[in-house]
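Take a look at this single chain, the form predicted on its own, given in structure tokens.
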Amino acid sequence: MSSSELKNDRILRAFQRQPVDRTPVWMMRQAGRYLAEYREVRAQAGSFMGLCRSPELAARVTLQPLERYELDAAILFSDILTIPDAMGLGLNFVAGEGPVFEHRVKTAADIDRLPQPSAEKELRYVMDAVAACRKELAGQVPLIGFTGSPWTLATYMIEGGSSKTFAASKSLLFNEPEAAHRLMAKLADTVADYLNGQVEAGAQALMIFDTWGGALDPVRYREFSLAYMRRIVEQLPREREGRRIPVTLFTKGGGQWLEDIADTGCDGVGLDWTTSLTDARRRIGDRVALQGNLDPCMLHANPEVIRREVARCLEEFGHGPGHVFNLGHGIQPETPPENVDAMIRALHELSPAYHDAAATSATS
């Protein structure tokens, strides 16, 4: 499909800070457990990774939110831990615990033994899912591909799963920085190949989730997280099908490093709910687009409160292009689906006032 067949390109325009008729919206984890139809397909797949590894089923759940809501993008249904899994660490999802790896990365020798899986071989199922999504979308909206950041992936590989303190991961940075750099470099180059493969398969925008970057001190954040996201950005294709491929970086808890994040060469910076859109736009909004930043818990409020918070977010950013509306983190499984509809309806009603009515834009 050529780029001219894309029916709604608002989000691609917004990432380039070009005029749009209203603020585009998508949600982190918009395909997932808060939807009953997702839970049905998940049961059919038999397991979470079974769902991820089935291109047909992954495409089905990717498109489910678009059947309910007037969103401006689809994001591939997958998981950030596909790369560590393909490195042979034995990923399992345990009820009540989340992701658990059978094998942990404990030593420098473990790091040096790690293979670098290929997008075209070990991770082919993800590329097939991207292609299937793109085919099913038929130009309705753009498709976002994604990955975890090297630091975030490393925390799961070292800790063996989720962590509150990241003690083992941080100890590696403190005690064996050279080994840590080898791990981050190996992950960064694998992630770059992975994202390039997604673009080749049809992804039209890219997202890097640095979920645990905010757990680092400023020195280690810049050295072990940000530097390797920059390394990834430098390896990515920036145009395909006659359009720029925007790349957004999201560091949860990273509001203090906005200028540094914007300097990586990315097109968009994701904000969590602890960072003001007004402050972020003042600091970096003339250089990159801003994505965010509604608190996901706000979607448990009543529709009047949700509408008021949508209005507040729009007022914080102000007039003009460059704002992609989103949550400040992933949508929560307990979120009432009707509240998502209330948020999107409020955005559609209120956001045109912040844009030039004569702006050239794709139709909805």
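On a predicted model such as this, the values are computed, not experimentally measured, just so you know. Residue numbers run from 1 along the displayed sequence.
What comes next is about the form predicted together with coproporphyrinogen I, which does not appear here.
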With the partner left out of view, is Trp212 within 4.5 angstroms of coproporphyrinogen I in the model of the complex by any non-hydrogen atom?
-> yes
Using the partner position in the model of the complex, report whether Gln30 sits within 4.5 Å of coproporphyrinogen I, counting heavy atoms only.
-> yes
Are any of the heavy atoms in Gly254 no more than 4.5 Å from a heavy atom of coproporphyrinogen I in the model of the complex?
-> no
Residue contact check: Ile75 to coproporphyrinogen I in the model of the complex, 4.5 Å heavy atom = yes
Do all of Tyr38, Asp79 and Phe93 end up near coproporphyrinogen I in the model of the complex, with near meaning a heavy atom within 4.5 Å?
-> yes
Sort through 155-163, 226-234, 128-136, 114-122 and report the only stretch with a non-hydrogen atom within 4.5 Å of coproporphyrinogen I in the model of the complex.
-> 155-163
In the model of the complex, the one of Arg42, Arg53, His300, Arg307 near coproporphyrinogen I [non-hydrogen atom within 4.5 angstroms] = Arg42
Which of the residues spanning 292-329 lie within 4.5 Å of coproporphyrinogen I in the model of the complex, based on heavy atoms?
-> His329
